[in-house]
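This document starts with two versions of one protein chain, written out as structure tokens and named structure 1 and structure 2.
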Structure 1
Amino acid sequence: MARERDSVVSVIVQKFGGTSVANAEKIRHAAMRAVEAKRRGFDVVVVVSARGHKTDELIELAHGITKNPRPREMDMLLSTGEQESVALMAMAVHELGEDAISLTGAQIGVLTDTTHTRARIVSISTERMKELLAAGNIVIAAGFQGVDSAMNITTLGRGGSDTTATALAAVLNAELCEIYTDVEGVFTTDPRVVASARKVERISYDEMLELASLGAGVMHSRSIEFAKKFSVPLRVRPSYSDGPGTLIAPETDEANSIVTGVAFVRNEALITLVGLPDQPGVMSSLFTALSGAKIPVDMVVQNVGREGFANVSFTVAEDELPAAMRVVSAAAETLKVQSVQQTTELSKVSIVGHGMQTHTGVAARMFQILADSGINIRVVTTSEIKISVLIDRTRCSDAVEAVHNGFGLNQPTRTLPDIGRSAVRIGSSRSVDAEVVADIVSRLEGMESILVSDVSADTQQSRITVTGLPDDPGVARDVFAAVGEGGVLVDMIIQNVARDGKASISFTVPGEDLERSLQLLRPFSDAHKETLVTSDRHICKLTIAGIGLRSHTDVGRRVFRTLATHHINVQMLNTSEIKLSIVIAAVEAERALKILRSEFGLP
């Protein structure tokens, strides 16, 4: 029975994770929250995950039958976890005296591409949900699932219910999207690993995007892409108490610290291609092959070429290693690579924070902290707001804790201003510049298509490369301590895998600081006779900015293909979720800018 509705009612989306709906008691508790919001005047959409460890159990069940379940059947199986939860949640709401209707992904109209087990959302129809809400129902939506255009059930990848929630919040223009989980909010690092981790009051979309994509499992990184793209305020809250949680929202001018959080991925594997011909098109073929197999590559490091050959290394999640090696081995043959090597038992530790853009010496400090703990750094990559290092897995927890406490994240910070908390306004919707959103969305092929928002070129930077470094703890620290002493703002840092016991580090500095930086390095190179310092004043740093650039393998592929087609060689490369930075020769700057802007449809 439809109720009288006087004005536009604000929509709130509440998502409950697995532990928050693990048993009848918890489901009842979650239902109570939804009913409360409804009685405060919101239209309520609830997104639920599978109960407890249901998804893990289903995966185990499948593996008890076959080592290689077909992805389509895997999705058919895994989607049942969420289907069970929505029905139970609807019943719990009924018991509390409100109307509720449960819907599967297909019933909502979550249309995805056909990539089973990690599908991406193409579109969501709002009609049925809006009708049900208008008729007074709480809508209970199954997270994590959708259907492709042939009505095959698909899933969005582990942790994907967060993405369903923010996507629904986006299309329904929700006032707020609340993510209820088993911790107080977003912490400075995983509280299960570092006991002194502290809850963050507020964090920017970009910082959360980087943290999530660098391993902070509290949010599915793709959910933050939606939130940022469609300006959805997100609040991560505990389901077991009334804690205010953490607000994820646009960046404010007030940064509370230089580093906001530390993330890590325990199981990383490194693949190195030795002796790649150093010419345009090589990176393109490699990344086209990996992108074709939908393998997200990470920490891509390319050495400055020597004698016509370069070495390229990149990491993949360890469970993607066999698939990645198949692709790389095939590509290596075509590219006439000297050899392909793989290293396992590695972990990636990253620090994230906006403050890095303006503070010098952040990298030096991180390297110092690791050196003090005797932890050897194998690979380094950086971007504007993150620094990642690859280290031995046995030292992962030590490194996370040392870096976390070393940057003072275990110390209380001042409380930051808060917005959007438990909004109860009725008749007002989230204010978004409709034109901006329309413009963004019109450039997307589907809701989850990547979005390159800008391509820029900076020819004011210079490159410095130090080769022949001993592969010991403290080497990176010494290099950056030397440069940092002169207050030089070091940008893109790349340290490649050591070969024959020797490592190399490249980084960029402002052109006007090049001579001074080289002088600052002199005592270091005098003390290490085997090292060689080279530099190049005539480089251009291209920056491709956007959302989801690392996890959407296609962006890298398109960038490399475009540059290769125009015979522009890539000298250095850094990737992050919000930026892709590439060093090319300065003479190519204008041409590169033009072709890349045109490739991504930018004016």
Structure 2
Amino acid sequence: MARERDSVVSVIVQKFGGTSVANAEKIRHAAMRAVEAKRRGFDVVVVVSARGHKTDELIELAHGITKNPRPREMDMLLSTGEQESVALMAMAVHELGEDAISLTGAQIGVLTDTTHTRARIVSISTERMKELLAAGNIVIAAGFQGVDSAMNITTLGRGGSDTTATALAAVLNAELCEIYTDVEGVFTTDPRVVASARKVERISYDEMLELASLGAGVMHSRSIEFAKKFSVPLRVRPSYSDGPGTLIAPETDEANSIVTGVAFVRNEALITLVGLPDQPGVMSSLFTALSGAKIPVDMVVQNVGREGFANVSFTVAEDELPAAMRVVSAAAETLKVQSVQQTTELSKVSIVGHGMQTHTGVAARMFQILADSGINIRVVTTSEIKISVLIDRTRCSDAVEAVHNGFGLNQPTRTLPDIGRSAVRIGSSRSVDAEVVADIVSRLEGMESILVSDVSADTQQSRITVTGLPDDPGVARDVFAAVGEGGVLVDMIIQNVARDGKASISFTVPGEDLERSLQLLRPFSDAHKETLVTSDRHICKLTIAGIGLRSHTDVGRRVFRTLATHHINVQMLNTSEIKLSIVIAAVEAERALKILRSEFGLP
């Protein structure tokens, strides 16, 4: 019988990863945390991963049977790891004197699409969980899994248990979602690479989204997508101690530092299409092909075209290169591209931080640090809170340490207080408005579908392009040092792969600063006789903002298809997890804004 309550009880979701439930002792320790939370007055939902190495054992077993197991059967097999964990966790809670019940993804009511091994959540039912919580149970939920409309078991892919936990916190309007792991929290970079890496006390959703998508392995970006969409406070905490961990929440009004963290991806491959016709419809054809093959692309770069042709580069994970090359090669024949080139043995190094939105010279400083270490930059892309560079893989660790320490991330900083919802403070209680819960649940149909929150057009910027640059370390530093020393705030930076030993860099500046920027660059261009500095004050920067834009390749397809249909040409392009930035002619600004907002159902 359900216990009587004087008021609405707040929900807390706790997620325990594989290393946190690896053996009986660790399972008992995790169960104690859940019981302690319940005895403090919370309703508790625990999401559990498969025990450490269990998934790897199952995969190895499957490959001992067949080299090509069918995805449906792999989902059936791998889901058993979480089922083992939830049953053991429920038993541990029982031994501590509390009621608990273990549930599979299907029993919870996690409905997904039909994409086996990397399914996306369509909806989650809350009725059964709420009944069990009201009856006094701690609900032990299997992470990483769900069921499709035909009752086939599905799994959510890498980071699936984090995604399950955050999604459950969203549908239950939880006060907090705690992610217990084998590290102290989110660090300024990987402490295994940089010994002086420090724990971050608080980080914004956008910063964490960028870091997660750029290679930071603490949390998967899909779980951060849920947290931002539904305002779920996350706290990444160590499972082995009572440390406070790191709070992931909305950004504060005051930036704690210019750069929050440094992320890296070691195994990147670069594909470059040389001599792509610089005309409407070309990018649409390319992205349609990539989207159809479900190949996630990153660091998409298109610099300003010359003599009717443009070069477009993008990175893929190195193990995706063969599949991507098949798609691109077929598209290149149709588009009459001059050549398609691939480069391996590359790494991506990125800095992320809200502070760079209001500070000049951040790019110049990063490029200075790399130049001082003799590290050459192949490709550059940026967003308002991120700068990413592509470098030789052999210098990845050197670059990460140099940039990390160069921005002072190895130095202590003051701790920002928790602000926002009372949910951030464990032990708080609040009344949950039934209409709020109903609204959240109503929006969960297609809860992992594409989310474009805004499309904006900025015609107050100008574009500067520097071509004929020697492909040497320090060139990017010199360009942006000249501009940065003049106090000009640079926005969109693009450096594509060098051709014939010469590199080109394009960037945007406020229109009112164009002439001053050109004057600041004159000594540089005078010293490099082969360089050419050109500009255009009549541009529009389109910004498509949302969540998961990098992983949702269909966003790019829709954007470029819409622009191509209306004969609007793309002059420059770069991407990030939360924004897609495109430069077009200023005369097309109003029309482009109207058609893109219509395409994504925005007012």
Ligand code: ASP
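By convention here, residues take numbers in order along the sequence of structure 1, the first being 1. Here the rigid core means the biggest group of C-alpha atoms that line up within 1.5 Å when the two forms are laid on top of each other. Just so you know, these numbers come straight off a predicted model, no measurement behind them.
Of the two forms shown alone, the one predicted alone | Answer is structure 2, the other one does not fit.
Threshold 2 Å Cα movement between structures 1 and 2 at residue 33, rigid core reference | Where the cores coincide, residue 33 shows only a C-alpha shift between structures 1 and 2 that is less than 2 Å.
After superposition on the rigid core, does the Cα atom of residue 541 shift by at least 2 Å between structures 1 and 2?
-> It does not reach a 2 Å shift.
Once the core is aligned, please say if the CA of residue 561 is shifted by at least 2 angstroms between structures 1 and 2.
-> No: residue 561 shifts by under 2 Å between structures 1 and 2.
Superpose the two forms on the rigid core, then give the C-alpha shift of residue 59 between structures 1 and 2 in Å.
-> That residue's C-alpha sits 3.2 Å away in the other form.
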